[in-house]
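This document starts with one chain, in the form predicted alone, laid out as structure tokens.
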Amino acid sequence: MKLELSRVVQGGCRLGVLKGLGRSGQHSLEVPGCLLYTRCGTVPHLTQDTLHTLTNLPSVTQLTLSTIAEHQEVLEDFKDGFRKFAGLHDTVLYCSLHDPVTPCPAGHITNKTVSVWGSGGRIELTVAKFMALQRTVRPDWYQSMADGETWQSNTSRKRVRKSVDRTLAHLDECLLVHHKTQELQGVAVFGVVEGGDILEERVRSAKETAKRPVAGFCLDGLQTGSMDQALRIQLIAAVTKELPEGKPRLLQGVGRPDEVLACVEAGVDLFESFFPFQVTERGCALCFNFDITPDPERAVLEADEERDTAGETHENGELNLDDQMTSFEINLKDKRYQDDFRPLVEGCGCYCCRNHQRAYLHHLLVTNELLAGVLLMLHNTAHYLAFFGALREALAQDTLDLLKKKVLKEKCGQTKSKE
């Protein structure tokens, strides 16, 4: 695995290609970019064939131990690894510890173990069991064990320091076993940077992790909702200064477009693409604009869209802003869409937008049809991946400021409508 940077923009944004992925080294991933979010190897709501109607899918599929740890015995009996077990297309497998969508109860970390939660409850992992899982799953790269329970705002400095020490100790043990395990030869290990909201501990964690023979870095404990955006950016910027330029930085738990832009400016390369799933589960469709090419006809369409959706947060009685609905999406359960015969997004090339209207999606949602989740997940995934493509293009063309204005205008629009 090698990160080849073509540009570093405004001192922090990194544009390039992560090459040599997979054991054969034939895959690559453009950065800034995202992984393909799955649950037990499957993108929620979509079969493999349905998923592959989308173009430009990420070459890296994210698995989480929280969804597959309870199947360890079955995988051991199967003997051919998780990729074949799940019937996945040709893809690079990345195995993380937790599902970014599912919150984990705190208080179950010790000096020797971490815990994950599957459908059957808590599963306690020692280093030996964790590494046995990796040997059984056969990922192409995986996140090392880590103590990430320091994102709460009331976490003491002593507890944060302990989390950094534990995470480094876990990493050392994992690397020791890794290098002795034949089945893991050629597999990459990502070290985890912890440190809560304490700058000194974040920097210490980054410096120490960078000394280890890891292929990349996971920035943990900076999830959406866990801390103020300005503090998150300050911590990320401090951490990335301590990390080697030629290794990728993956940020866990952040997916909202405005936050992605800010974190890319601070030096982040990769993100988990769970945000489209969250939007889908709310019965919503991503509908924010990131097209910065001059087009008078497009400008008219945007003006009509803004006028039609103005004040939606007030008029929609079912909308619950406490459920984290964002300004980047529209709530298709709203009655305003029952006779709206436009596609979800004008010009979107996904199957949903080419074949269906907002009114049809509204009908599917209010009648609880399973097809609603399929069509929304197709669109939301396509729209989100297109956003990352626009982000890379903006970095290549020195138009990042224009892209930020276009995307952040969506957030400002919601703020004004709530006043």
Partner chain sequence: SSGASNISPLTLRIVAECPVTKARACDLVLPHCTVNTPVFMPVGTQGTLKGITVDQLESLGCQICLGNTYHLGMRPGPELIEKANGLHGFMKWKNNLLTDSGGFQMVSLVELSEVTEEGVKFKSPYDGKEILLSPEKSISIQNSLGSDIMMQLDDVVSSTVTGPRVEEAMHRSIRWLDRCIAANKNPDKQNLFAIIQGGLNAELRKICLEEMTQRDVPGFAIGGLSGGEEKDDFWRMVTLSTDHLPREKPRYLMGVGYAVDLVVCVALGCDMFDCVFPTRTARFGSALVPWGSLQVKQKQYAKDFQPIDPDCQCPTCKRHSRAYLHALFKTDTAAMHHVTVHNIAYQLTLMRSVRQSIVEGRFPEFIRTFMKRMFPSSEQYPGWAVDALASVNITLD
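This one's a predicted model, so the numbers in the text were calculated from it and none came from an experiment. Positions refer to the first chain, counted from 1.
The protein also exists as the form predicted together with its partner chain; that form is not presented, and the subsequent description refers to it.
Remark: all three candidate residues (41, 70 and 356) come within 4.5 Å of its partner chain in the predicted complex, counting heavy atoms only. 339 is the sole member of 339, 245, 172, 291 with a non-hydrogen atom within 4.5 Å of its partner chain in the predicted complex. In terms of contact with its partner chain in the predicted complex, the residue from 112, 241, 212, 89 that brings a heavy atom within 4.5 Å is 89. Residue 26 falls outside the set of residues with a heavy atom inside 4.5 Å of its partner chain in the predicted complex.
Within 4.5 Å of some heavy atom of its partner chain in the predicted complex lies at least one heavy atom of residue 374.
Looking at residue 74, you'd find a heavy atom of it within 4.5 angstroms of its partner chain in the predicted complex. The closest heavy atom approach of residue 392 to its partner chain in the predicted complex falls outside 4.5 Å. Judged by heavy atoms within 4.5 Å of its partner chain in the predicted complex, the contact stretch among the candidates 193-201, 78-86, 144-152, 326-334 is 78-86. Contact residues in stretch 44-65 (any heavy atom within 4.5 Å of its partner chain, taken in the predicted complex) are 44, 45, 46, 47, 48, 49, 50.
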